[in-house]
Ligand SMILES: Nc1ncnc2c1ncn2[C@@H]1O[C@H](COP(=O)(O)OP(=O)(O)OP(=O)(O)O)[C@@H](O)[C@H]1O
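Below, in structure tokens: the form predicted alone, a single chain.
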């Protein structure tokens, strides 16, 4: 039997490698519907032609459920950036190129980005009614698109194989919607860790996508609110600052 190597542990799941498979094992309290929905989303993306690990099976595991998918050999873009910081701009260009290739796909059967964000914000108790109204009005004013949005497009979710080809991981949050929202999520993720890197990413993305920087920034209060709903305490102060800005500067 292949050795089990744990790659990531969170409160609701453990991710480990076993031979040529990656297993995402969820706790018994994690809804079964969420596991099957993640498998559905991943399969839809796989069928669209986006390079992703192939889903092997959904299976019961220790009172909960687990997803099994193929193991992809290579390094994440995050590892490459960490090992080669002098060429950060080049690696960010690569990240953006891949993100734009992803957003060129359209999978209308996926849930709409706007509707998902509206539902999350409507159900939040962390923000008051006036702020909630402001955020919902902002969402309603955004352009309606049907581009594939990853929902957590960060360097650690992109694997680069030895031949230079890529494969994208973790499609649990994928939706069909506005690419500007997806770019704002990536910008937010970078900002929470390294503001300098975040600004470099934003400039490169907007130049390559021919999109105004201000447009991506206008999504920031919305994506910050959605992130706040996940209750990561060390992020709270910065997220609340973004949410409180009526017109993001």
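Numbering follows the first chain given and starts at 1. On a predicted model such as this, the values are computed, not experimentally measured, just so you know.
One more form of this protein should be noted, the form predicted in complex with the named molecule, which is absent from this view; the next part is about it.
Colleague: So which of 96, 159, 148, 135 reaches within 4.5 angstroms of the named molecule in the model of the complex, heavy atom to heavy atom?
Modeller: By the 4.5 Å heavy-atom cutoff, the listed residue in contact is 159.
Colleague: Which residue among 81, 110, 139, 169 has a heavy atom within 4.5 angstroms of the named molecule in the model of the complex?
Modeller: Result of the distance check: 169.
Colleague: So, residue 51 and the named molecule: in the model of the complex, are they within 4.5 Å at any heavy atom pair?
Modeller: Contact with the named molecule, no.
Colleague: Can you tell me if residue 231 lies within 4.5 angstroms of the named molecule in the model of the complex, counting non-hydrogen atoms only?
Modeller: Outside the cut-off, so no.
Colleague: Verify the contact flag for residue 72: yes if a non-hydrogen atom of it lies within 4.5 Å of a non-hydrogen atom of the named molecule in the model of the complex, no if not.
Modeller: Taking the distances in the model of the complex, the answer for residue 72 is yes, it comes within 4.5 Å of the named molecule.
Colleague: Answer with yes or no whether residue 238 is in contact with the named molecule in the model of the complex, where contact means some heavy atom within 4.5 Å.
Modeller: Flag for residue 238 set to no.
Colleague: In terms of non-hydrogen atoms within 4.5 angstroms, which of the given stretches 102-110, 83-91, 116-124, 150-158 touches the named molecule in the model of the complex?
Modeller: Selected stretch: 150-158.
Colleague: Out of 9-28, which residues reach within 4.5 Å of the named molecule in the model of the complex, heavy atoms considered?
Modeller: The stretch 9-28, when checked against the named molecule in the model of the complex, contributes 10, 12, 13, 15, 22, 24 at the 4.5 Å heavy-atom cut-off.
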